[in-house]
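Shown below, as structure tokens, is a lone chain in the form predicted on its own; questions about how it binds or moves come after it.
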């Protein structure tokens, strides 16, 4: 599986999903092309999915928000008889590298979280209309929707059979959503998660696994009624037409470097470092929401978010030996902040809101990226507002102090604004500054008093907003030493350490989902009971049960 994975999709060429729009209700049909796998060597039978299926779903959910703001309810259905979704394709998992399995699970989790939050963020509610088998990742797909209807036909069921069948855990938050979201009683959850055949009919409703069970004869009518009721309860005030998410301006160069319109990615393979540089806006911020809509996908805030999102995904899946990602920026602090301020001042406008919420998701994706992250605040940089959030996402940040010899760019400074104080919460539901200063909340008060001021290194250091500040004499040596030191550490230890340190404070369902993926699923995916020659994942479908080492660890 050495081919480059591309996360950009042409909606006219979806192979696995189709959508019907009916005023403010959309029906989203899962209709997986068996022969449409992302890689060779497996068939996507029974609406099972691989990363390619989920890349299309993520694109659909994103476009639903921007291109179809009129939609209030999305009903997820199967276009196939007797199966809703069989979950992640087992043959695909069995032949995937460990890194691909874990990154696949991470991406599917991020996609589920996106449409799970759509009702709160965008006024779009997702329902699942389950007919047939709804197993494993298929049930996780349903779990992430706001409401689940199950037909009572004697055979349709929901199940999480990963433990008894595959010796792994549900990879897309299934266990956590069963207990934390649906609040299924622990002992019943234990029974459910060890039943290969799952649970059907009224028992599924009694146990809290679904919201409603409907006779087969009335099922389609009731699904329509519920969708209409939910749509009528949502007063979003959105227009009937959105904006088109036009294709990204993107050029791939030799060596894996990428050039976008606002973002560039340069890879040093010898050092295992990728540098992401973000160019601030060249033009003034929009003056009216009408202008924002006319600019559409070309508006700087949306264009930059889409390009950064694609760059991060490309590095995650296609550049596995890049251990360090460096963030740099160049431009005007004031212009960056002005573009963001326009959106904040107009956040009641549907498009301004969607762009801000998209930045929230992109920044979360940065938080969740299992690479060492570092930001360099250099002369001429523009870590302002939303871009300053990157300083608080990374594991370390370095700031240039004062003027640098033979460098005529402006002295390095950062600029905080309203967006840095709660607009882009992390998965722990705290702002990045709240997470940073968990033990010293007075620092947040001090920082808030300096909003909209350009802050140079001495002031930034005093406020605790970066890790270290160095002048022209020490800068190059200190940065070189950091990179050399990081390259000596075990990447496994780094992944574990960084995931532990990034999410201080309260746990949420989201942090538990990703924390358990990083720790438990990551570990189980390497154990011979699952992936060994005689493990359950390898033996699945052969008629032979996996052989287990019965010693507990």
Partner chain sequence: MTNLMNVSYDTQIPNNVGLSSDKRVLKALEKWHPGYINWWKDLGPNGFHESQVYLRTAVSVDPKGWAKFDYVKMPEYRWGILLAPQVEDRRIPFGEHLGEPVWQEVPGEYRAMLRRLIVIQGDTEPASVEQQRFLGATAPSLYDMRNLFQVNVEEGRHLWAMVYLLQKYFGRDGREEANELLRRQSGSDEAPRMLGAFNEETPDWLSFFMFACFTDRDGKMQLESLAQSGFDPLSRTCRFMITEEAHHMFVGETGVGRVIRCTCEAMKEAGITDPYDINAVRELGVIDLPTIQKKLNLHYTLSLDLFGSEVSTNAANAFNAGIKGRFRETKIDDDHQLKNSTYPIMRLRDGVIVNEDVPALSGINMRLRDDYVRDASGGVRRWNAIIEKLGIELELKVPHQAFHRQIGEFSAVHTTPEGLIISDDQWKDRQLEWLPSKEDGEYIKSLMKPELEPGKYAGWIAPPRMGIDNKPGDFEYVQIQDS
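Only a predicted model underlies this, so the values are computations on that prediction, with no experimental measurement involved. Positions refer to the first chain, counted from 1.
Separately, the form predicted in complex with the partner chain exists; it is not shown, and the next lines address it.
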Task: Interface membership of residue 81, the partner chain in the predicted bound form, 4.5 Å heavy atom rule - done: no
- [ ] Tell me, yes or no, whether residue 470 is in contact with the partner chain in the predicted bound form, where a contact means a heavy atom of each within 4.5 Å.
- [x] yes
Task: Any non-hydrogen atom of residue 187 within 4.5 angstroms of the partner chain in the predicted bound form - done: no
Open item on the list: Residue-level contact is defined here as any heavy atom of the residue lying within 4.5 Å of the partner chain in the predicted bound form; does residue 485 satisfy this criterion?
Closed with: yes
- [ ] Tell me the stretch among 475-483, 71-79, 144-152, 340-348 that has any heavy atom within 4.5 angstroms of the partner chain in the predicted bound form.
- [x] 475-483
